[in-house]
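Next up: a single chain in structure tokens, the form predicted alone.
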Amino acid sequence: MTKDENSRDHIQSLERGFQVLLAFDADRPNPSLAELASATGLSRPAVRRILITLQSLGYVKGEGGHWSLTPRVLSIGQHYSASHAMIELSQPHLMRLAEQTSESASLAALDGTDVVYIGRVPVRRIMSINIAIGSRVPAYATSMGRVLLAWAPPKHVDEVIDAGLRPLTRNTVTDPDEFRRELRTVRAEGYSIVAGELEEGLLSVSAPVRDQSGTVIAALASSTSSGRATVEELRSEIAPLVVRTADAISADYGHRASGKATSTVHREHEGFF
């Protein structure tokens, strides 16, 4: 499809509607019209029309000059979950992993330069932000992101690097060459361990989840804190559990591992990093 065709098919009003919906967050749970206009860059009259439309559809409500989302918004995520069998199939595995490790277990997918949580069994809060289904974190600084990028097309890796490897802590890998080496290591070992790169003291280990064709479509993670475990303990004790659990989810999703299939997956983007 050409750029002109894309422009003709692009519905700007729909895009603006999503801009307004996404402007509601933890920092703005009950914004005013003016705050939404400022957050989205849209004019106040445009935001007002969008809010009235969303209100008529039952997705927002207004009171005292402020607006809030309604529970109906959750149905959008429920439709996503219902249409993705992997999320339902993975839940028992997430629960089992959380029980085995006494730590939170998560499933995430790649969306642009972020990873988005699509499944989670929380055990304790170990991050400064409250992680829930739909939460987004930078892919480059997380074990789940490293797993997903290790098997992603080279162009996607380039986009993440071009967007900037911003130092989130003193441990964050910010050098593009070092980052590519990290991805090669992930592919070689079959899992990723990241220590204190997203937040100080946060440790996580992740492994890939594959579909029927062997394509990596999600990452499974177990997360803890440096006060509860060391990197060496994660590598020797938790990583094998995470890899086996990820393989079990993949098998339920239709993936049948074989020497030939695994070799093909590992060679898919060989030489690009």
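By rigid core we mean the largest C-alpha set that fits within 1.5 Å across both forms. All of these numbers come straight from a predicted model, not from anything done at the bench. Counting begins at 1, following the sequence as shown.
Unshown form predicted together with the DNA; subsequent notes refer to it.
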Among V231, A39, A248, L33, which has at least one heavy atom within 4.5 Å of the DNA in the predicted bound form? L33
Which residue among R244, R48, K61, R235 has a heavy atom within 4.5 angstroms of the DNA in the predicted bound form? R48
According to a 4.5 angstroms non-hydrogen atom cut-off, is G227 in contact with the DNA in the predicted bound form? no
Partner proximity in the predicted bound form: G65 to the DNA, non-hydrogen atom cutoff 4.5 Å: yes
Find out whether any non-hydrogen atom of H10 is located within 4.5 angstroms of the DNA in the predicted bound form, and reply yes or no. yes
Contact test in the predicted bound form: S43 vs the DNA, heavy atoms, 4.5 Å: yes
In contact with the DNA in the predicted bound form (heavy atoms, 4.5 Å), from 204-212, 217-225, 235-243, 25-33, is stretch 25-33
Could you pull out the residues of 137-160 that have any heavy atom within 4.5 Å of the DNA in the predicted bound form? none
Cα displacement of W67 between the shown form and the other one reaching 2 Å, rigid core superposed: yes
Superposing on the rigid core, is the CA of Q212 displaced by 2 Å or more between the shown form and the other one? no
Once the two forms are fit on the core, has P45 moved its CA by at least 2 Å between the shown form and the other one? yes
